[in-house]
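Have a look below at one chain only, the form predicted on its own, in structure tokens format.
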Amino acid sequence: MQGTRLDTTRIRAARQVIDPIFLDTPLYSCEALAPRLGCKVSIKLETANPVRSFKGRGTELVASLLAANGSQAAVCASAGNLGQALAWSARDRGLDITVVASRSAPATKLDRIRALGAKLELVDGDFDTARERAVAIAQHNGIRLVEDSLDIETCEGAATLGLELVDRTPSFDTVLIPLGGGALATGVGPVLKALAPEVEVICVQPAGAPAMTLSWRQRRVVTTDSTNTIADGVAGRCPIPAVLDDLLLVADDALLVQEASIITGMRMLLDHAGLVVEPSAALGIAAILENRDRFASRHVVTIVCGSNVNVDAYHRWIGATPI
């Protein structure tokens, strides 16, 4: 793990802080997908928890540190999943959380943030607009700004997932990691490089939101003017330099996939794994669909990172995609 911001000792210690409800999520080989994708596929199911995404691992660390330091309030920008997770982790610790989100974020995610007791402020624009507003709130009120992927706790929380992959999976060749801001990839990636260096770490991002992938390929921060993808959870325009630095050290490749492949991946996870997932969680399957020769006969682990999806949109997407 040399060179990244993460620390192995802190990652192992994180397992003692994170509520066990977020740990040791199901990991299994999905035999029904193998003949359709041409490779063995194991699913790491990060939806089997109260916030239905991996984000709770990191927010448990953030909230515990806030409480230990006597902080009473914090603010974050969120596409929806981080906000839910931070609200859940803060609720029993007596923390006052404000979440800033785009008005166009899925209503399911916004409703859940409110239900968990956080204050929700909506902005016109996308996630990066929300991030700018969260920065302004933090500065004006003198409270902690929680930045996903930049705050090391969000990455080291995600890294505990990597420990579980190494400890519990039979030998596998590749792990496919959904890529947005980078917390999941820069958390899991260093663990695998340190403990299972033979495993290929591949990040997957929508072609309609390619900023971090383009940055990885060009080895410098590349921003985009807009995004155009149904995978709202990974739709950022402005990569964080420190996160990119870590990603450059641990990712073996970064792939961009098309919207049609994402939708087909969601449908396949429903039909052959019985899983209702949000678009970001189907990125790994989409990558296999678009790169069959590359993954042929390999054992691939795909991280199913979340299932907070708008039901009406889900039916619209799935219904339009026969397999």
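In case it trips you up, residue 1 is the first one in the sequence shown, and so on. Just so it is clear, the structure is predicted and the values come from calculations on it, not from any experiment.
Beyond the structure shown, there is the form predicted together with a further copy of the same chain, which is absent from this document and is the topic of what follows.
Asks: Can you check whether residue 29 is within 4.5 Å of a further copy of the same chain in the model of the complex, heavy atom basis?
Replies: Yes, residue 29 sits close enough to a further copy of the same chain in the model of the complex that at least one of its heavy atoms falls within 4.5 Å.
Asks: Applying a 4.5 Å heavy atom distance criterion, does residue 6 contact a further copy of the same chain in the model of the complex?
Replies: Residue-level check for residue 6: no, no contact with a further copy of the same chain.
Asks: State yes or no: in the model of the complex, is some non-hydrogen atom of residue 49 no more than 4.5 angstroms from a non-hydrogen atom of a further copy of the same chain?
Replies: Yes - in the model of the complex, heavy atoms of residue 49 and a further copy of the same chain come within 4.5 Å of each other.
Asks: In the model of the complex, does residue 315 have a heavy atom within 4.5 Å of a further copy of the same chain?
Replies: The answer is yes: residue 315 has a heavy atom within 4.5 Å of a further copy of the same chain.
Asks: Since the chain is shown here on its own, which stretch among 286-294, 257-265, 60-68, 41-49 would lie within 4.5 Å of a further copy of the same chain in the model of the complex, judged by heavy atoms?
Replies: Among the listed stretches, the partner-contacting one is 41-49.
Asks: Hey, with a further copy of the same chain in the model of the complex, do 90, 193 and 242 all fall inside the 4.5 Å heavy atom range?
Replies: Spot residues vs a further copy of the same chain: no contact at all.
Asks: Could you work out which of 112, 133, 237, 144 is the residue within 4.5 angstroms of a further copy of the same chain in the model of the complex, going by heavy atoms?
Replies: Among 112, 133, 237, 144, a heavy atom within 4.5 Å of a further copy of the same chain in the model of the complex occurs only for 112.
Asks: Could you tell me which one of 116, 222, 120, 165 places a heavy atom within 4.5 Å of a further copy of the same chain in the model of the complex?
Replies: Contact check passes for 116.
Asks: For the stretch 260-276, which residues lie within 4.5 Å of a further copy of the same chain in the model of the complex by non-hydrogen atom distance?
Replies: Heavy-atom contacts to a further copy of the same chain in the model of the complex: 270, 271, 272, 273, 274, 276.
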